[in-house]
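Only one chain comes next, encoded as C-alpha cells, the form predicted on its own.
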C-alpha cells in the first residue's frame, strides 16, 4: 500500500466526546494513507461509537479494556505502545486531557500513551467554555510543553451544545497531516506483522445499519412479598449476546432487561423491566410508533418470562413458620400480546420468540402459531452445554413458513449472529416486496398478521 503513512502503525485513541463519530472517517483517512491502525476506546467513547465499524475498517479488534489480553496472551495496550509509530488521540475530551496530564491510566488510551516512546498527537474536542477553562488550558499546556505531545487545536464552529465557538474537532485532513509530520524522518518501529496486534477476518459488516431492534434478556421476578419472588434460571447471556451482535452490526438497539446476572453492554439503550407486566408495558410503549407505524423493525424476545405470579403480593415479609401456600395466576403472554397489537399497525415488525424446552421440541411449532410470530428459537435446556448460564447453545430455528433448521452446539454470540442473519434477510425481503410485487414475509409492511 502506498501513501504518506505506508508501512506505519498508528494507535488511534478515541475518547468520550460527541465528536467520536468522526473517528470512523478519520480511520478511513489513515488507512488511505497506508497506515495499519489499532483502535483504542475509552469507556466514554463506547457510548458514542460502536466497535464494529472501526473493526471492519481496521481489521483488528478494538481494544476497549486496559486489562484485555490478545489471543496469544500478550497485553494489548503494551503491544500497541511498543509497536506504534505514533499514537493519535482524536477526539480528546476534557476529561481525558485531565487524566492524561495527571498520568491516570484508567483506560486503554491513557495507558497506551503512558507506555509508549512514540510521538503522541492529540486533537481535543469539547464545548467552547470547557476548552477555555483554565484547568483545560493548563492540562493542554502540560501535554504540549511538559510531555512533548503535538496538540492540534480545535477549530471555531458550531458545537453540540448549539453554540458557536472554539472546541470543534479540527478538520480530519489537518489531523492526519499532524500525524504525518510527527513520524517524518523516524524509522519504522515495528519489525514485522508478528510484532503488531493480530488482524481478524470475522468482523461483520454493518448490515443492520438504520434498523431498530428491540431485544429482551433475562428472567422475570414476580414478587411474593418484599423479599421473595417467583423466577427462573435465566441469566440473560443469550439476550445480551443478541443485543451486542445487533449493536455491532449497526442497529439502533434497545435492550429490555429483566433479572440478569451478566454485565449489560454499552452503546445501546437499556430499559429495566423485572416483571412480566412491566416488560409487556415497555414493549407496548416501544411498539406504538407515529402514524400507526411500528416503533421498531424487529423484536427478539430472548427473555424467559415467568408463567405464573402470586394472585396477591404481600406488603410485609411473610413469616417462615407454618409453611406457605401460594395462589398463582398466569402472567400475561408478553409475546402473543405484542403480536396481536402489532397486527393493527401500518407496518408490522418482525417477531422472534424463544422456547426453552426439556426433552423434546415437539411443542414448538404449535407455540409459534399460537403466539403469532415469525420465528421461534428453541432449545433443550436439559442438554449439557445448552441452556441457562452456559456460554454455548444448541438451538433449532423454526419458521412460520414451516421450515425447521437444527444448528450444532455453538457459542451464544455465534447463535446470536445467525439469528440476526435471518432477521436481516427477512427484513430485506419485507422492504423489497412493495417494489418487486412479491409477497412480503411474515410480519411484512403490508400490515398482515405474522404467519
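All values derive from a computational prediction rather than experimental measurement. Residue numbers count along the first chain shown, from 1.
Another form exists, predicted in complex with cytidine-5'-triphosphate (CTP); not displayed. Remarks below refer to it.
Contact annotation: cytidine-5'-triphosphate (CTP) lies within 4.5 Å of heavy atoms from the stretch 356 to 364 in the predicted complex, the single such stretch among 356 to 364, 224 to 232, 153 to 161, 264 to 272.
Interface residue among 178, 282, 305, 115, judged by heavy atoms within 4.5 Å of cytidine-5'-triphosphate (CTP) in the predicted complex: 305. Between cytidine-5'-triphosphate (CTP) and the residues 241, 121, 339, 376, the one pair within 4.5 Å by heavy atoms in the predicted complex involves 376. The shortest heavy atom separation between residue 136 and cytidine-5'-triphosphate (CTP) in the predicted complex exceeds 4.5 Å.
Interface residue remark: residue 189 is not counted as part of the site for cytidine-5'-triphosphate (CTP) in the predicted complex, having no heavy atom within 4.5 Å. Within this chain, residue 334 lines the site of cytidine-5'-triphosphate (CTP) in the predicted complex, having a heavy atom no more than 4.5 Å away. Taking the partner from the other structure, cytidine-5'-triphosphate (CTP) in the predicted complex has a heavy atom within 4.5 Å of a heavy atom of residue 301.
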